[in-house]
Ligand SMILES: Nc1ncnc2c1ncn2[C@@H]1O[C@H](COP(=O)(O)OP(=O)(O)O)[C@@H](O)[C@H]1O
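Taking the form predicted on its own, here's one chain by itself in structure tokens.
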């Protein structure tokens, strides 16, 4: 896969001196042509600034940024306009013109670009068919649902046949069902039109459903980078672990652990479930071979690209030596967390 976006030691700083804000701090990464790439982070992590660097709305302070072969970090405003023509943008709050119809909103960038009316009309009709809103062409945005408004936003972003689509928190204002519909449309955009899509979000479920690779940002820096499954099934950084925890909620809190310990006599452990674990069946088979019973008392398992990951908390009963042997074998192919503090309370 050839690269279409490359950050090489990129910094973006606002202000000077001790009050300077390092919104993007020494970021190095590449995004492949035709890839769906996610950038995830909490508020203030630098995600949106990263997007504004890609389309040249903010200048790079230092480092090199190349977009579709053009070194954006070295271009003047005139050259930047030609680069932006190949980049579409969709927004959290849709940014539609309330006084214009759906068709007029989609046609707006074509009008600015100087397309003649016949060509504009044909392109608008094609795009509204693609996003499933042909029958809404003459409707104004205030008559549309949130999901329909975002579909209009996607159609408008695609109007000038861009190579790159930037989606900045594009589903944050939508309910879960509508979010899934919009993400499904973005998958179609990628699969059928071949666009590179960069998804900026604070929602792990969006990355999990849509993206192939992900960068986790914290305080302007990329703290983890890789395939979505690898990053979230084996998180190395606390920021990534928080995202996994808030989305999956597969590991019990200290309060829940205390309640579980009070209601279950067994030895409590939490065991990771990942693709190479061979599913929970391998877990139970291992326990059975050591004559250890394991009652599932907490947990959660989800999928990324039809590959499972998550964890199960079990109350193990059996001979103490057999439990230790079973846990040693489990550790050979997955992560195991024990809770010695609970044993001390018993």
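Since the model is a prediction, treat every value here as computed from it, not as a measurement. Positions refer to the first chain, counted from 1.
Note that the form predicted together with the ligand isn't included here; everything after this is about it.
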| Any chance 21, 44 and 58 all have a heavy atom within 4.5 Å of the ligand in the predicted complex? | yes
| query | Any of the heavy atoms of residue 49 lying within 4.5 Å of the ligand in the predicted complex? | reply | yes
| said: Quick check for you: of 291 to 299, 36 to 44, 60 to 68, 315 to 323, which stretch puts a non-hydrogen atom within 4.5 Å of the ligand in the predicted complex? | reply: 36 to 44
